[in-house]
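Presented below, as structure tokens, is a lone chain in the form predicted alone.
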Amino acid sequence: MPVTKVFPEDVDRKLTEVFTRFGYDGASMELLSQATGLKKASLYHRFPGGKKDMAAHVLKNLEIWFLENFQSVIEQENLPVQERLEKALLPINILFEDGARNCPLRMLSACSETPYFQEYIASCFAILNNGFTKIAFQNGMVESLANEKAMEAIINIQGSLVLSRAMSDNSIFKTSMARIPQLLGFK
């Protein structure tokens, strides 16, 4: 039987899909092996700490994604504030497939190993919070209110993802995302 080359980015994508769909506790080594096309021994070779290392790897990649696709857009100060916000929200819509996809942060924050992942999860939410706070502050809000509204925006995103999935209605997420500019002080 010929050996099939497995590319690291494909392994990363498949691990993310499994953890996003099944959470940490539901993602068995069998599921992870089937999804990635790697034997369990190969997975352990790449991730000596097993499933914990795989989930941490997924979260580290997500942290990098937020830095590259959200924070970097927020920091493009050559663009008007509202345009930066609109551009920063686009990849979030894509990441969550307009509300059709679970949030890996949520799925990995409610598991038996949450303390092990806390640093990555907190970092991802901090990136969102700092970005939304910066946008609201630069739009004229006082910093304390800007931070409060940023947290509210994150809660709206996460809550609308849960409701959209539970009710099979992506319009809940889309409506919530469309309201974020108003929440952050834009008309």
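The first residue of the shown sequence is 1; numbering continues from there. Because the structure is a prediction, the values reported are computed rather than measured.
Beyond the structure shown, there is the form predicted together with the DNA, which is absent from this document and is the topic of what follows.
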Next on the checklist: Give me the residue from A146, L38, C124, L161 that has a heavy atom within 4.5 Å of the DNA in the model of the complex.
Outcome noted: L38
Next on the checklist: So in the model of the complex, is the DNA close enough to R46 to count as touching (4.5 Å, heavy atoms)?
Outcome noted: yes
Checklist entry - Heavy atom to heavy atom, is N130 within 4.5 Å of the DNA in the model of the complex? => result no
Checklist entry - Does at least one non-hydrogen atom of E30 fall within 4.5 angstroms of the DNA in the model of the complex? => result yes
Checklist entry - Contact between K51 and the DNA in the model of the complex at 4.5 Å, heavy atoms? => result yes
Checklist entry - When the DNA is placed as it is in the model of the complex, which of 114-122, 22-30, 59-67, 152-160 ends up with heavy atoms within 4.5 Å of it? => result 22-30
Checklist outcome for this item: Taking the DNA in the model of the complex and a 4.5 Å non-hydrogen atom cutoff, the residues of 5-27 making contact are K5, V6, A27
